[in-house]
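Presented below, as structure tokens, is a lone chain in the form predicted alone.
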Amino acid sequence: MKRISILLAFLLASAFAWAQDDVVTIGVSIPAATHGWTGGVNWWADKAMNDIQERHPNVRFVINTAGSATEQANDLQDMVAIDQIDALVILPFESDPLTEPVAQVKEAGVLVTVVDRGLIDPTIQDIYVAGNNPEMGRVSCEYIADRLGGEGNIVVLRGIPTVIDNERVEGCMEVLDATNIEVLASEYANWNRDDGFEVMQDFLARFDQIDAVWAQDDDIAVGVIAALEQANRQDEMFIVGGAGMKEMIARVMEGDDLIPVNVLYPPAMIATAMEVTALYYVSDVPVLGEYILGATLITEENAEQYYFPDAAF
């Protein structure tokens, strides 16, 4: 079960609800499937579109994927001018360069829902849906600290230099600072399998004793596993990844010693954002505000709840 904490700006949605014979057009702007997690975002967006349109025939979605911040900004212009959207659900490719384009969409009278990567100016958004990044770091490193009994050596593979990454690392370090665990090295692996492989190769060459790896993200963890298997050191340590990739959840379900747990940061949050945005138009409940999804620790005991074999991620 995902925990959602809600900070509501109490506006009565019925005052803005559309009549049953009106068509509501919701634009969804997301990054292209350049790696596993964004592939999952794309899969869940398509699923949510079909599910919501089946239940609410007067809700229409327009989904665009972008390979760059510039392309995404151009897509937003088309959504307003051509598709004439009533609402926008956007997972920004990058926060800074998308802030002004989204502000322009807002000025056109469009309801704005921001997902995951916040804008530089949060006042632009009407609804915000994201994972709990500080909690993701804390939960990951609490497991590592407990498993190691507060002693040992670990390495950290970070994501991309962003606020999200900093929040995760800060949450982790608050836990580790109260232990005798030594972080041997911490390097960016860009939430990427190939970079995860290369960074872990370097760590293995530099350090003889590594007790655990915090890979932060499952795409990185895939690269870490490959590096460990190539070096035949997969029996020396365990890996804590994150996001809920189905292959990782399957390994947790099977009791894999190398991947004993995972921490949820679901690409399905795009579906949550689309559902909440649609709800603004089809119900009389207040929905504006902030929705933060809990960073659940996935173990062998509860992994089946989070295993979606048909998902892209």
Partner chain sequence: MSTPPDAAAVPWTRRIPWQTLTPLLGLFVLVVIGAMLSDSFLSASNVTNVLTRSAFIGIIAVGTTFVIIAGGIDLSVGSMAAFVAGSMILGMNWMLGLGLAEGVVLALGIVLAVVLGLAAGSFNGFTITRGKIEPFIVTLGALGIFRSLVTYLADGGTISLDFAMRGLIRPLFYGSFLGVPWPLWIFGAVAVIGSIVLHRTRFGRYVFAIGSNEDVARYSAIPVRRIKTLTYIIQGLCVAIAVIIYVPRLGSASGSTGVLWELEAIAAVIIGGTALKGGSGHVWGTIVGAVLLSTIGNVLNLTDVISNYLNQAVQGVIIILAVLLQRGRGR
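Residue numbers count along the first chain shown, from 1. On a predicted model such as this, the values are computed, not experimentally measured, just so you know. In this text, rigid core is short for the largest set of C-alphas that superpose within 1.5 Å between two forms.
The same protein also exists as the form predicted in complex with its partner chain; that form is not shown, yet it is the one meant from here on.
Of the heavy atoms in residue 53, none are within 4.5 Å of its partner chain in the predicted bound form. Of the heavy atoms in residue 112, none are within 4.5 Å of its partner chain in the predicted bound form. Using a 4.5 angstroms threshold between heavy atoms, residue 238 stays clear of its partner chain in the predicted bound form. Heavy atoms of residue 68 never reach within 4.5 Å of its partner chain in the predicted bound form, leaving it off the interface.
Contact with its partner chain in the predicted bound form, judged as any non-hydrogen atom within 4.5 angstroms, is confined among 32 to 40, 53 to 61, 264 to 272, 281 to 289 to 32 to 40. With the partner omitted here, the residue from 100, 174, 167, 202 that has a non-hydrogen atom within 4.5 angstroms of its partner chain in the predicted bound form is 202.
Distance criterion of 4.5 Å from any heavy atom to its partner chain in the predicted bound form singles out 229 from the list 229, 83, 146, 151.
Shown without its partner, the chain has 187, 188, 192, 193, 194, 197, 198, 199, 201, 202, 203, 205, 206 in segment 187 to 208 as residues with a non-hydrogen atom within 4.5 angstroms of its partner chain in the predicted bound form. Core-aligned CA deviation for residue 103 between the shown form and the other one: less than 2 Å.
With the core superposed, residue 149 shows a C-alpha displacement below 2 Å between the shown form and the other one.
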